Ligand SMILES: Nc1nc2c(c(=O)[nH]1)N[C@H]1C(S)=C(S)[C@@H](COP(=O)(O)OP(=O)(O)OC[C@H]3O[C@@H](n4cnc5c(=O)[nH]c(N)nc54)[C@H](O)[C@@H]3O)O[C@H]1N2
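The chain below stands alone and is given as structure tokens, in the form predicted alone.
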Amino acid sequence: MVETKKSFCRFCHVFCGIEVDVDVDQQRVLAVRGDRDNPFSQGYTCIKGRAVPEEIHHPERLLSCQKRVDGGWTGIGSGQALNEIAAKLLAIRDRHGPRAIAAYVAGGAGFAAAGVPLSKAWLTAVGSTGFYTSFTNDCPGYVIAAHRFFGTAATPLGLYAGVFDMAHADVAMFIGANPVVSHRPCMPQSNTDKQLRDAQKRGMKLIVVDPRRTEMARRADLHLQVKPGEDATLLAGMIKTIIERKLYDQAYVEQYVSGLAALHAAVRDFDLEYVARRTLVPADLVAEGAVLFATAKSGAVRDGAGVTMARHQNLNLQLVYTLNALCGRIDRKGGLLYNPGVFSPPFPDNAAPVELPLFGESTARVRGLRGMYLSPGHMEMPTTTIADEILEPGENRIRALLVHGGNPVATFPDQDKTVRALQALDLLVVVDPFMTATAKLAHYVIPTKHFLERPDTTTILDATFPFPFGQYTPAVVRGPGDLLEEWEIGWELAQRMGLPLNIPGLSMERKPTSDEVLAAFAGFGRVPLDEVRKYPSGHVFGDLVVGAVLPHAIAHPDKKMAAGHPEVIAELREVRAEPLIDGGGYEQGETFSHRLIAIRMDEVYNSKGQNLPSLQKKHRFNPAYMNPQDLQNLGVSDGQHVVIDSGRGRIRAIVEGNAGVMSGVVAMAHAWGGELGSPTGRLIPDDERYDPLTGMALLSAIPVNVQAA
């Protein structure tokens, strides 16, 4: 018998509503399609979501825990695996101290409402501060920018400075973002293409800043094809234009923005001709973009990986916030608004920002880097230090690592060092349903239930939806009996290690049910979980908040957003002092010919989906997209191999000509390698050109040389 059940997809971070056809007798998922009753996604699913039946029933999916024995693998029960892992962890802690144990959590666990909190609670109970996530690997600049601009990262507006109210915007500007493919949070991230078409039909203008003519850029009214890594220069030139032509919202700036004079002095030398020479965007188009954005009645500029993973990422994000503030777009209709959420605690009227330090007391043993606070009680260490923290001798060296839902071999910079580090661990435990490149190096692999085999809520995305939206889903099918849910791993390890978990509403005396765990994490929410359960397709609980957050979201003593923060001014001057370099290098004397940028592909989500047949039809690898003229100059054509060399590593890649890629640029998706594709992480050192505050490596706009293989 076939039944159709409501749920939401967790293949990636979007959480589109889905209908799932299930053979209830065989407990088999037959098909997945969009749920038209879901008010958020309105029937949309992407190609990856529709491939979920292939994922859950994949012949290579692990259905039992795996233990490395004599160089091979043997299946064992989950209870035995956890007993052995807990015993080894206790021995390591007793001999080397709690900091010898660390955890890295990424999307596989992060997309479960209880995944990250339980992992964090377990590690805290261990007594270790070695908590790492994918956030500090590729976008920690949001924390730096929020502290500089608002005075704290813990504001009602969140790290992204609010949700884009695109439904009421007159202009939208996207810099280094391609949400048609990447589905960027804090805007209508589901079915973005339709949302854009609808907005443009009613008259909204679209500006796209990107080195490629992306899917987004093809829809744009104005495409500024910027040289990779020069986003700060472009933004500084636009800000100078807006200030000097007095196009900014003078009343708004007077009330809510400080440092205008210092900012103007810092951008004064970014004249349009200089900006054009450095960014390769014609001067008249830079001015046109600035005027179009500033003169619209409403709108916002949004950023993406193109600016968060490239040079000067902290400054890039600060300038994005500044551009929005100068034009009066924060806490204004059609701009960036506060989403009160559903599972988030309610904020009182005139809510004050939470006092939150930027850095914690915990310091990495390498490069002088420190842990960063993302929210009260939640500090993360810089992920790019993990390999060195394992390899560097001495006290507090990491000897045991739990990798929960991530694939560091494919996603970390300096792949060779990452592999050496993982091989040097006394204990590596990987939580993943497949034998990934990282799992193959582990001592134990613990597969978990598929997301359709467990209940869940949309808690982790709560404040990023385009309106206050919440959904609960029960398990759609039964999972194999010996598989655990994400939260159970932290719980079971804590029980076996005799560690209490500090989770309000839960007792260690009895193992809770999954629904009890979800209720505990939703217990302080604005809307009771029982109310959310009433709506199988999810529900909208109110509206975005307009005009009620500023100045209460600002922690600076003057209650103004700091456009002239001293560190921002200093970095702007550093950028202006950098030499003009032809080619792909950044410094005088460099001879690099290209800059390699990281992009996303429709068919995969980072390293996830590369093994699914329907997603392999177009590509079983990550092509090196290059301008056809560049290919002709190299003497290669589509389908042939090139060697890409960064000076620290080299890879072979298969080229594909794309006229939308500007000359001098190589565009490749990251997180490939292992058995499929080219691992761009091999090109990226983690100890050169890294951000001195966050430790983040240069993950995009990487100087490289390219030659025929």
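Worth saying up front: this structure is predicted, and the values here are computed from it rather than measured. Numbers for residues come from their place in the sequence shown, where the first is 1.
The form predicted in complex with the ligand is left out here; the points below concern that form.
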Worksheet item: Which of these residues, A106, C186, A100, M626, gets a heavy atom within 4.5 Å of the ligand in the predicted complex?
Response: A106
Worksheet item: Only one of G158, P228, P140, G237 has a non-hydrogen atom within 4.5 angstroms of the ligand in the predicted complex; which is it?
Response: P228
Worksheet item: Within 4.5 Å of the ligand in the predicted complex, do D165, L260 and L315 each have at least one heavy atom?
Response: no
Discussion item. So, S78 and the ligand: in the predicted complex, are they within 4.5 Å at any heavy atom pair?
Written reply: no
Worksheet item: S182: heavy atom within 4.5 Å of the ligand in the predicted complex?
Response: yes
Worksheet item: Would K67 show up as a contact with the ligand in the predicted complex if we use heavy atoms at 4.5 Å?
Response: no
Item to complete: May I ask you to state whether H13 is within 4.5 Å of the ligand in the predicted complex, using heavy atom distances?
Response: yes
Discussion item. Taking 4.5 angstroms as the heavy atom distance cut-off, pick the stretch from 305 to 313, 528 to 536, 553 to 561, 617 to 625 that is near the ligand in the predicted complex.
Written reply: 305 to 313
Worksheet, complete the sentence: Taking the ligand in the predicted complex and a 4.5 Å non-hydrogen atom cutoff, the residues of 606 to 639 making contact are N606, S607, K608
